[in-house]
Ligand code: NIG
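Okay, so here's just one chain, in structure tokens, the form predicted on its own.
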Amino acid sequence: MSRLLVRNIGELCTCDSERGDAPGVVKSAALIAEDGVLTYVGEERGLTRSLEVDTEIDVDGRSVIPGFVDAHTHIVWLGERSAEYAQRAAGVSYEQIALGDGGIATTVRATTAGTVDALTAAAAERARRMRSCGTTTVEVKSGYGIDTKSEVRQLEAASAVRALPGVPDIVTTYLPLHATPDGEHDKHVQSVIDTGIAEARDRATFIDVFCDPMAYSVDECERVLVAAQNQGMRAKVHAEQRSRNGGALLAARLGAVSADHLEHAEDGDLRSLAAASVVCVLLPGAALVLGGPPPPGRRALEAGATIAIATDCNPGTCFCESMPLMMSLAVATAGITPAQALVAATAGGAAALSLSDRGVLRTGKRCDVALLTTPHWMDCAYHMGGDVVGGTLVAGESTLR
């Protein structure tokens, strides 16, 4: 058995509701993990003096938090779309770019042409940057292919990244309804139902759909999600991002794990999601870049929902790997406090991926930890864009700078 001690912690944020007010701070604290599982979380003075350890990390009074759980990303892609960024800055809308054969279609062409090795290399670079920003678990979607073979290559690349050193743990999601085909939607939707789900279900934990007037209708999304649920996959929904069209209520009706974006969701939508225990995943970076309404953070909490914060890292609307920056944006735009943002970026992200073994620091949980460069945990959000993470532990495995 390998035993790890992290000691001399100034502020230990457990994000554990059993520790009182969020984010459950313990001062002058220590952690012990055995074979990657936490066995002690508390004040350092409570440790046995004669404790024998294999590895000791003295953080010299700095803060320690749970590793971030980034529950919505699209990091398996090839090509780049910086020209679109400049177009939008000049006043061209997301929809106009898409109608001009740009947008997602640009990424689909480049990604579909790529090999698994090329996709893996590109995604691994992004995943390593995510871990350097404190992320210890990341959800990775497919979605940049129309045909099943291309989607499967993306899922295989995501799985290959998982086996590499220095990356977060990875959860895969099949996103077959994202880019739109040149031909009829119905043929593509039926292909996903007939063959795509069967190919993806052993490679992905979840299935996701982009429910939007410019993408796929509520009916099309429901057909695919129900078929996938019947084959054992769990549902997620891109909902109410560019307009309100019923994606949130679909997620609630089907008991999806999460509904993501939600910028145009009404209070009744949020109450329905809360009643169905659907996690509301906020993507403040994408909302800011696209110039839409802010994510409904405070409104979702007032409706009784669990919220998560994620990067939505993608080539078109939010090329960013930093969860601390997303915390800053959520506090600035979504009406939530720094404490609520930290819980959303850790425990909330874990809930959005149905992961009960991480997201909080409590005995029996995985030792997934971000070691900060500052004695003040609030700097994760307060120091916008700051270099606030000095290292991570993923199941007790250290990556320190």
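Residue positions are given as counts along the sequence shown, with the first one as 1. Note that the coordinates shown come from a computational prediction; the quantities given were computed from them, not determined experimentally.
The following text describes the form predicted together with N-(iminomethyl)-L-glutamic acid (NIG), which does not appear among the structures shown.
This chain is displayed without N-(iminomethyl)-L-glutamic acid (NIG), yet in the predicted complex the stretch 307-315 from 243-251, 307-315, 325-333, 222-230 comes within 4.5 Å of it by heavy atoms.
Residue contact check for residue 204: none of its heavy atoms lie within 4.5 Å of N-(iminomethyl)-L-glutamic acid (NIG) in the predicted complex. In the predicted complex, at least one heavy atom of residue 81 sits within 4.5 Å of N-(iminomethyl)-L-glutamic acid (NIG).
In the predicted complex, N-(iminomethyl)-L-glutamic acid (NIG) sits beyond 4.5 Å of every heavy atom of residue 174.
Under a 4.5 angstroms non-hydrogen atom cutoff, N-(iminomethyl)-L-glutamic acid (NIG) in the predicted complex has residue 104 among its neighbouring residues. Contact annotation for 162-185: a single residue, 178, has a non-hydrogen atom within 4.5 angstroms of N-(iminomethyl)-L-glutamic acid (NIG) in the predicted complex.
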